[in-house]
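So this first bit is one chain, no partners, the form predicted on its own, shown in structure tokens.
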């Protein structure tokens, strides 16, 4: 996900259309990737499709059904190399062969050992197969799926807001509204992009957030991410509005040895146990096993510190509000310094920056040199 522009443009218009179609499945396909497909015959689009949900038909099958007999001799443009295995659905490579397509253009290779090999199967069946010269846009579209496939844990995007002097609030234990409407719209984009949105139990107690995706007029959108409360040391109040608004599913992550409060159980929220011996990493691993590919964490200082200390942050987004909190305000980071005074290679490096109304926004990722030496 890029907040202030695309990675790079897609030069082929049919692949660009397939990529746009893939986004139609955003938030409903995990733990599967988002995939789009366009069938073109004689320069005319005869079928389109996208993967809408895990367990449902893949993009190629949907597009082939729309094309019907017109798929014979056509070119299929697909964002990801067609799968070559039987899972909950049959292999797309075989569907393309049966339909009689003559050429397949793929955005990127499938790195999954289980599903890859579709290009070789198609070539063996007499189909011409090509790959995009620049796979970057397609890799970016499925960054969270690629991360989940490689690590078993979700891609973790953490969002926080600070004043110009680096404080996340004006007073300890009190809700502070730092950013403006444009920043809130950016948050809605990130929530809509995620499979799940997580906060700590302390944030639920203080801020009572909804964690929903809302339209500009405030009405909830149809598709809502899973809302997750991480209860490491305390449990959230059962009276919190996210347990009772009926807008979307809610899960509470609890250490394995902790029994949930009866009042929490009665809210109908899903209680999920995790291995706390691994700290927040254990919680991330549990969410990955639950099929969460992309997680947005709206973190307070303690949760942010725990995640940074565990090296569990894949991307950190900081909203910078144009005010000053002063020395009595709480700090953003409450742990020990992670920096090596002998080098200028810091833990994070800025990869994007922009403005959201009157607020500045910076996007940070782990510095590759630090990652390699850890």
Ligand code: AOF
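Keep in mind it's a predicted model, so treat the numbers as computed, not measured. Residue numbers count along the first chain shown, from 1.
If you look for the form predicted together with the ligand, you will not find it shown, but the lines that follow are about it.
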- [ ] Spell out, yes or no, whether the shortest heavy atom distance between residue 232 and the ligand in the model of the complex is within 4.5 Å.
- [x] no
TODO: Report whether the minimum heavy atom distance between residue 38 and the ligand in the model of the complex is within 4.5 Å.
DONE: no
TODO: Examine residue 87 and determine whether its closest non-hydrogen atom to the ligand in the model of the complex is within 4.5 angstroms.
DONE: yes
Task: Residue contact check: residue 283 to the ligand in the model of the complex, 4.5 Å heavy atom - done: no
Open item on the list: So if I measure heavy atom distances to the ligand in the model of the complex, which of the stretches 273-281, 157-165, 104-112, 185-193 falls within 4.5 Å?
Closed with: 104-112
Task: Sequence-ordered list of residues in 17-48 near the ligand in the model of the complex, where near means a heavy atom within 4.5 Å - done: 32, 33, 35
